[in-house]
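Heads up, the chain shows up twice below as structure tokens, two forms, tagged structure 1 and structure 2.
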Structure 1
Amino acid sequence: MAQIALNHVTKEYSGADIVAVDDVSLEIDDGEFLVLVGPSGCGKSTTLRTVAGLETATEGDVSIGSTRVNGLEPRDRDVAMVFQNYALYPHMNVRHNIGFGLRLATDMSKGEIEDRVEEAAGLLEITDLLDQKPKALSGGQQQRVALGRAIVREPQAFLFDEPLSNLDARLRKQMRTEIARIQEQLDVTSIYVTHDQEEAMTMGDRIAVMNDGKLQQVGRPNEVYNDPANRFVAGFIGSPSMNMLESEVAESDGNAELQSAEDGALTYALSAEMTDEYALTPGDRVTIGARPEDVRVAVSPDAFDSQSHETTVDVVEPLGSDNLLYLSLGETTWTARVPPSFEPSTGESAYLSFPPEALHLFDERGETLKSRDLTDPLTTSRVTAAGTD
């Protein structure tokens, strides 16, 4: 077991003139489960493959434990990898698939290998599949074999490359727990690549968000969710996505307010403390952000003691535990998560409001000025929504 460190790793494809990984520095602690998440093509898989030795970094160092592994072949890095398509060897049965690495790269006897394979199979509950060929297995079972092949080696690190994306939704949730359980049990340093932010939130000890080859933010799931480093992270993490609105700081009657840039349909009065704290001056362009669960909705403006805005209900999406409302305000659509008891009809007008504490603000470059403030009781209890229902 070991810690993994990436030090200013850059990967360029000279032929295509593409920078797949751009100056990424990252440290993964011994036994930690780090999830690399980002949209497709953001360089997360390339980063993982650089750690595995399947790609060579153009610049920067990769070390596993105390060894710098830059020039080492994959087989000399002592890592195990689980691939998106499982990459099971079709001509070998499950037993041989799992034992393949041990047979090739260690001096273990046949008996020892057999014992370890059995043990790994037991841990994954696939003992009765050991003599089957991969073709005869379901997707979920193949996934377990791929996992077995990784854990049997007891490697320095597990590398997962979108291992669950070929499974159906129910199985995916189940395997998510399974992988987390096994990782915890074995306490092996792990890097897990996914494009699914929900997977990232639920599985990772820490999350590293990537976009365009650059590392955007690294932190614990709740940190990344509540205090995103920039507009990209704020929009990428969380489902449904954070509501965002481009706006401009304006002045009316001597008080500062935010005015939606495109259609001017929304104005949001700012307190003097806020303009001071975030140094907002008229003419500044900022993006307003609000999580759907922080947007409160009522049929009448009287329900709110703070400012509210009239909207039209576009779509009501019942989720069972909550209802998602899609509200149109001018040319923008706002998403709000409300209790299931509040269920307006389509076309009705409704009022939305979000307290300043819940507000995210991003500057012109997309960097975060302000994140939502969870210490405030208003935002932590969001039941007030249906006030006048």
Structure 2
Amino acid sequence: MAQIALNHVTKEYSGADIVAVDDVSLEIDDGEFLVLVGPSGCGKSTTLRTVAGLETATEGDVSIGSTRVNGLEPRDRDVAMVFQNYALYPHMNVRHNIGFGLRLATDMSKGEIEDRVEEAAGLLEITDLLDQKPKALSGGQQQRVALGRAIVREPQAFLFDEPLSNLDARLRKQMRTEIARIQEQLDVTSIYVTHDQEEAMTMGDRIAVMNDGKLQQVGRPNEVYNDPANRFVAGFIGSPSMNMLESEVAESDGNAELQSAEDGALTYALSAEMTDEYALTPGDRVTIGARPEDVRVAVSPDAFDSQSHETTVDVVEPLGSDNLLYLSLGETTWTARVPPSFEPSTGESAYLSFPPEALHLFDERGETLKSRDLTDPLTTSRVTAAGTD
């Protein structure tokens, strides 16, 4: 095991004028499971490949343990990588696939290799498959074999490059639980790359969000979800995405309020305390944000103590444990997560509300001014006003 550190790492591709990784500094603690997450093309896989030695940093340093590894070949970095494609040898059985790297790159005896293979197979619960060839295995079983090949190396770090992308939804959920369990059991420093924010939230000790080659935020999953550093992180982390609306600070009867910039369909009164705390003045452009679980919906405005807004129900999406409502408010669509007992009809009028404690605000540059207040009971529970006549 070892700490991994990236110090102002940049990766440029000459001739293409592309900066794939832009001045990234990041430390992964010994034994930590860190997930790099972001949209396709954001630089997360290039960052991982730079740690592995498959790409060379244009600037900056990469360290594994106490060793600066910039000049080391991949085989000399003592890391094991698991790829999206399983890269199994079709003519070898599972036993030989798992042990191939040890036979090729170490002077371990046949018996020692066999012991390690058996131990890894037991950990992955594929002992009964050791004599099978890859073509006889399911996708999940093949991925376990690829994991086994990494485990027997006993490396300082595991590097996972979207290893579950080829699996169906059920197998992905099963395998991400298995990978998290195995990593915790082995306590090996790990970096896991994915574009799936649900994988990131459920697997990582910490998550690092990237966009356009830049590191946007690093933190524990709930920290990133509840207190995003900027508008991009707020919109990317969370499913369904945060509701957002560009607005402008205006003055009404001597009090400040937010008005939707495009169509004026939503106005949201601000308290004097909030206006002062975030130094909001008339004419300021800000973006309103509210998580779907913080948007409360009812068929009558009388259900709410605070301000409400009339909408039209566009779509009702039953999920079993919840319903998702898609609501038209002017030219924008709002998403609300409500109890399954509340199922209005399409085209029906409804009212939405969200308390100031649940409000996110972002400035004109997209930086966070305010995040939801987790000390308030309204934002720490998922109780939704619904179905009030």
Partner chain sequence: MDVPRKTDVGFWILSTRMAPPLAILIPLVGFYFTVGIGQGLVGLTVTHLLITLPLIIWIVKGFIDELPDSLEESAMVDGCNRIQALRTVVFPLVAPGVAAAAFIAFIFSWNNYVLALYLTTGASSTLPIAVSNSVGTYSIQWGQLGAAVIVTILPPIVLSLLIRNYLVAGMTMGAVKG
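Structure 1 provides the reference sequence; residues are numbered from 1 along it. These numbers were taken from a predicted model, which means no experiment stands behind them. Between two forms, the rigid core is the largest collection of C-alphas that superpose within 1.5 Å.
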* If only one of the two is the form predicted on its own, which is it? -> 2
* **C-alpha of Q132 moved at least 2 Å between structure 1 and structure 2 on rigid core** => yes
